[in-house]
Each structure stands twice: as C-alpha cells, then as structure tokens.
Ligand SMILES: Cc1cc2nc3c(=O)[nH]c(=O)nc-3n(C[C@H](O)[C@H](O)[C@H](O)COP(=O)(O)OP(=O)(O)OC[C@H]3O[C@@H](n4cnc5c(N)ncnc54)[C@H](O)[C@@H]3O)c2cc1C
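Next up is one chain by itself, shown in structure tokens, the form predicted on its own.
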C-alpha cells in the first residue's frame, strides 16, 4: 500500500492549527497530486483535544484573558467578530449547561463583555475550541471540494513509530485492543501535553479512592467519583481530599469544585501539597508603567556575567514583582530585560536558559485570573483549604500521607487520613514517560529528549528525526533559529509556529 503523505498523531489544537496552515498553502499552490493525510486520535472526540473538548468541564476557562489567548491582533479580531455574531447562542448554551458556576461567571463578566474589556475576560474554553474547530472545518471543506486533500480519521492510540525504507511504519492500537500499522512519508507528533507522571499511589480500595489524571476519562466524571466516595464515608472528619501539585490543573479543579456546593459540603479538608505551598498568583491590572528591575539593572552595570548570575538576578526581581500578585506588564518587563541581557552570552548559555532556567522563572510567577481564584478563595473562607509546603513521598492504602517538609527536609506524616487523592503533578521527564509512544521513541533512539526533559529535541524544521515532526507542548525547551520557548502549553504560541511547520510539510 502506498504510504500516506502525512500522518498526524493527535487531533487537538496543535493538529488543527497546523492543518489550517497546510490547507492554506495547498490552496495557494496545489501539489502535483492529492495529498493524503491520516489523523490518528486515541480519544473518540476529534479536533478539540483535552483542553477544549468534553474531557474538560464546560466550565473550564482560558488560563489567560482572551486578549492574551489570541496574541496576534488580526486573529484576535477574527475571533471577537465571530464571538460577537454568535454571542447569544454561545452564552445561552453555556448558561443552560454550566449550572451554578456558569451563572456566577455570567454575573462577574457581564459588564466586561458588554464593554469589550477583553483584557479582563477569561472565557469558557469550549468557546475557543468551537471557534478553532469551525475555522478548521471551513478550511477542510474548501480543500476537499477542490480535490486537494484526502483526509482519513482513525480512532486509536499510536504506540510506536519505526523508520523503514525512507518512510515510517506507524503502529497503533484500536479501542478493542487489536493492533494495526500503516506507512507514512511524514509523521507529525501533535499529541499535546505528555501524560501525568507516575507517582506512588495505591489502587482504589475501601479506605481510599484515587484520581490519577483529572481529565481521564473527564473532569466531570472524576468530580462525580469524588462525590460518590465522600458520600459513602459516614464520618465527616474522614472526608479529606489530597491534591498533589499546585499547577494549573489544580487551580482549575478547585474552581470546578467551588461551583458545586453539594460537593463542597461533603469535604472536611482539602489539602494541596506542593514544594512551594502556593497556588498560582492572582493577576493584578496595574495602570502604572514604571516597574523596578534593580537586580537586573545592577547586573547590566557590572557586566561579564554568567547565565546563572542572570537567572539569579531575574529571580530576585520576580520575587519582588509578585509580592502582592502578578502584574503582567511588570513580569513582561523583567522577562524582556532578561532576554536582552541573555543575548551577549554564548549559544550554550542560551540553550541552557531555554532548556533549564526559563521554566524555573515561570514557576515563580504562575498566575490565574480572578474567576479561578474564586474557587480557592471560597474553600479558604469556609476553612476547608490547606496549602501544605512539602514534597509528596507516598500515600499508603489506608490514606496516610508521607511527605518531606520543604523548609526543613524533615520526613513527616500528615495528622489526618485521606479518602480521596487527586494527582495534579504534571508530566514527568520524557525518558520516564508512561506514554508508550514517547517511551519507545526515546528508548529506541529515534528521538532525543532536550535539555528541559519535557520536550523532544528538534531542528528548525521541527524534526526530531528526518520527516518526523513535533508540534505542541512537546516542543518546549528547544532553542534553535526558529523555536525558542521553554514551554508551549499555550495556544497562541502553537498558532504562531503552525505556519512554519506547514512550510516544512508542504514546501
């Protein structure tokens, strides 16, 4: 059988953004034959991925304001025009399906939406997903009508990719556990974020119930699982919930819980454990344009610095900037100045900054909008939220938490047992990834993990190997002529890179 021209693994926003650009290039300059493209998606739902599809709650919001979600002004205007035309239908559906959380969101954001204050609106993510899907489907319809593309969809999980005769054999597993393979001239890995890391968690039993991945099978299903487990626990003081990690999924989980008072009433204590003991900061809209960068200023005056000294100075200025919350313009100034001071350093220093140190800086100013902060705020007001500063070691089958205190390195046991455990730790180093595909790519020597440990090493044409491309979060930590992001959990950055990948796929 003739190999497919392009196989794309994953059908979320990295896939649709790339295909929109591929289709645009083919419309402008058709190929000498119909391009065969196969999409392999392990979930039943195509074109949305986890963030914008049913695995996230309808109440899940954009992490940034809609103004920052679409950083390209032209694309933002397209979206806002579309939203304005469909606003009544979109928000009407949301109110009907989002319950109390939707009602509260509408009340908080009605005035900002009315006045077009988009720097302060964090829209339900499903709206952005719907926009992107409609944009993709419109482009697909055009190329199919013109006979430029033949698209094939396969619902399966890719478990391995192997080079063979100047092409690739893509091995995949169907939902019924049968195995098949196909050949591809070019393969694009667009699988989204790597799976959550494997940590020492017990199996569900009479004493403890575990949610290892908030979005598998879906956030709403897992909140129901939590509700059932707590409801069956007779003693209120035993209805304790442990959340491991304080990242974006953690703050989202708290927000989704806060919109369900019947669930909140069941919880005795909800403990969030992380090394920092902090949830993402709230965002402050500060009108001031002057922000101090004393440590970076001093470093510039001194000159002859190392990348380690630069990062240390940036960390000190960031710690001052986030003292009362995150002022986005202030953080932008610090990061921009840091990049300016990075330029005189050698290429190895720049790669180390993107691969290792950039994420350290980002962790210092993790932020969320006012809407998401209402979740943790409510739990805190009710005396149910505990932020525990420490490293998770293990939790045994009886719900006993063992951890290491961040400040003292002391090994401790938490003085209450947990009925529920939710893993919000994020992904592991890709060399230890539970993903069969990623593990096989790395350990079979086909792809290499970059300095960050969170991304695959690629060249400026997005290739981890000849004709094996990567787009989306697995690009994070790369530094080359075209790609220079320490993380890509960001739709606007994926959209920015998609035209360049399309150029490599259909020159």
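Numbering follows the first chain given and starts at 1. Small disclaimer: the values here were computed from a predicted structure and weren't measured.
From this point on, the text means the form predicted together with this ligand, which you will not see here.
*Asks:* Among the candidate residues 419, 373, 125, 186, which is the single one with a non-hydrogen atom no more than 4.5 Å from this ligand in the predicted complex?
*Replies:* So the residue touching this ligand in the predicted complex, by this definition, is 125.
*Asks:* Taking 4.5 angstroms as the heavy atom distance cut-off, pick the stretch from 52 to 60, 478 to 486, 25 to 33, 451 to 459 that is near this ligand in the predicted complex.
*Replies:* This holds for exactly one stretch, 52 to 60.
*Asks:* Does at least one non-hydrogen atom of residue 9 fall within 4.5 angstroms of this ligand in the predicted complex?
*Replies:* Contact with this ligand, yes.
*Asks:* Report whether the minimum heavy atom distance between residue 38 and this ligand in the predicted complex is within 4.5 Å.
*Replies:* Contact with this ligand, no.
*Asks:* With the partner left out here, check for me: in the predicted complex, does some heavy atom of residue 43 sit within 4.5 Å of this ligand?
*Replies:* Yes, residue 43 sits close enough to this ligand in the predicted complex that at least one of its heavy atoms falls within 4.5 Å.
*Asks:* Would residue 434 show up as a contact with this ligand in the predicted complex if we use heavy atoms at 4.5 Å?
*Replies:* Contact with this ligand, no.
*Asks:* Counting only non-hydrogen atoms and a 4.5 Å cut-off, give the residues of 190 to 205 close to this ligand in the predicted complex.
*Replies:* Those in contact are 190, 191, 192, 193.
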